[in-house]
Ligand code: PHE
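Only one chain is included here, represented as structure tokens and corresponding to the form predicted alone.
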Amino acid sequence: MHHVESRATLGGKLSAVLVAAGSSVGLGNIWRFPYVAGDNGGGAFLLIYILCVLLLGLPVMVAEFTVGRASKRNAVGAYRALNPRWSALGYNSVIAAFLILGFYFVVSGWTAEYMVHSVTGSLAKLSSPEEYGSVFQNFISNPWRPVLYTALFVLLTHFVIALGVQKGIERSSKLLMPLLFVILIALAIHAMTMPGSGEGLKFFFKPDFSKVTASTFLVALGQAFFSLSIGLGTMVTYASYFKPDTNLRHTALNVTILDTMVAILAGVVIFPAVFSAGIEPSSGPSLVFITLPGIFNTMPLSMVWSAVFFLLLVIAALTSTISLHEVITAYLHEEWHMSRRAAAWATTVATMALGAVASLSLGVLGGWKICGLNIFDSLDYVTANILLPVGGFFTSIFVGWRLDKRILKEQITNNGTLKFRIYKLYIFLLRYVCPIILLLIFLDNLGVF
């Protein structure tokens, strides 16, 4: 039987914010956001994205916090405790976390490889876009190097998880999140001093609504959803470690603010550099691994700035892999009654195996296809386009319609000690606006529109 009193708790309100922010801040902010914004017109997309974060991110994040703290259980146990008929929603979260780690560990390994390339100066020896593209393609298709870096990243994540909630997750968040902001701010200041940086800032901050289409809104909604880690069970799991006096609404607000700040700072780092080098901002996913290294080589102290940038990516990736790993570890520990050490090792071995297959599917196992996609792309597609929107959609339905309203009010008002004047508006957003938005994202991802 589960004993709430024996469960680990986070040290305080700041810890709650930093740990939850560590879950939401990741490669989605620093790698994905800039190229998505570049593909969708810059400033107008940024404005729409912020509105989507407020309309979608805050309500659903508070809902997930509510489920986690009310139950004091892992993602599966949380929904089972509050309503046994909704246990499947918890399983959706655990499966999504597992599948995402399968390819996220691989990309995280790429960031580590490029940090090593930057430190050793091998990137500085390249000169043309073709050379950068060739280096990247040769690396990801190599039969052992990407797997090695994936394994190293898995073990680094395991080390943090094995230390426990307080000594591992909480301490790492207190170190990594401030370090991430320091590096981002330093890079942003440097980027703004580059020749032609003003054009990049203008592109990023001055809205041009002539470039906005219906798909822009859906892309912004999807990016907000992806960036905030909604529907993954991470916020449910982390909230189960919150103290009773943690203000869920303020924590969610602070997390969304920090998450958005990281995305904006990433844009401030990348767009001035891109415009300074005369490169199109809509360079797509290759922006970080192919385009940016060439830009760094045009700067004084190129090795330093390149190494610092990829260190930033490593930190952002690590904060996310820790949270995803914890979702699975907590589930195995509490539902399968495994020791935390055994649960962590089981998660590590399973995700390492999946990550190795995903990495090799970009090279020697490229012939393995699922509906025409290799294993790596299949994991990305299924999680981002199906499991995450489904998780967010049913979380909104569950908390908005099925959860006992006394439990919801107790959690978001801390048993009546906090005022919540817009409670009716919150319920309206959770019951109607969020499900409709998430349904639209889901249908758009499937190519209905």
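Residue numbers here begin at 1 and follow the sequence given. A quick note: this is a predicted structure, and the numbers were derived from the prediction, not measured. Under this definition, the rigid core comprises the largest set of C-alpha atoms superposing within 1.5 Å between the forms.
If you look for the form predicted together with this ligand, you will not find it shown, but the lines that follow are about it.
Remark: residue 106 does not count among the residues lining this ligand in the model of the complex, judged by a heavy atom distance of 4.5 Å or less. Not displayed here, this ligand is approached by residue 27 to within 4.5 Å at the level of heavy atoms in the model of the complex. Using a 4.5 Å cutoff between non-hydrogen atoms, residue 351 does not count as a contact of this ligand in the model of the complex. Using a 4.5 angstroms limit between non-hydrogen atoms, residue 270 is distant from this ligand in the model of the complex. The stretch among 147-155, 242-250, 317-325, 75-83 whose residues place heavy atoms within 4.5 Å of this ligand in the model of the complex is 317-325.
Checking 100, 312, 89, 265 against this ligand in the model of the complex, a heavy atom within 4.5 Å turns up for just one residue: 100.
Contact annotation: of the candidates 255, 330, 274, 232, the single residue with a non-hydrogen atom within 4.5 angstroms of this ligand in the model of the complex is 232. Core-aligned CA deviation for residue 92 between this form and the one not shown: less than 2 Å.
The Cα position of residue 34 differs by 2 Å or more between this form and the one not shown after fitting on the rigid core. Here residue 263 counts as shifted, since its C-alpha moves by at least 2 Å between this form and the one not shown after the core is aligned.
Relative to this form, in the model of the complex the C-alpha atoms of residue 344 and residue 180 separate from one another by 3 angstroms or more.
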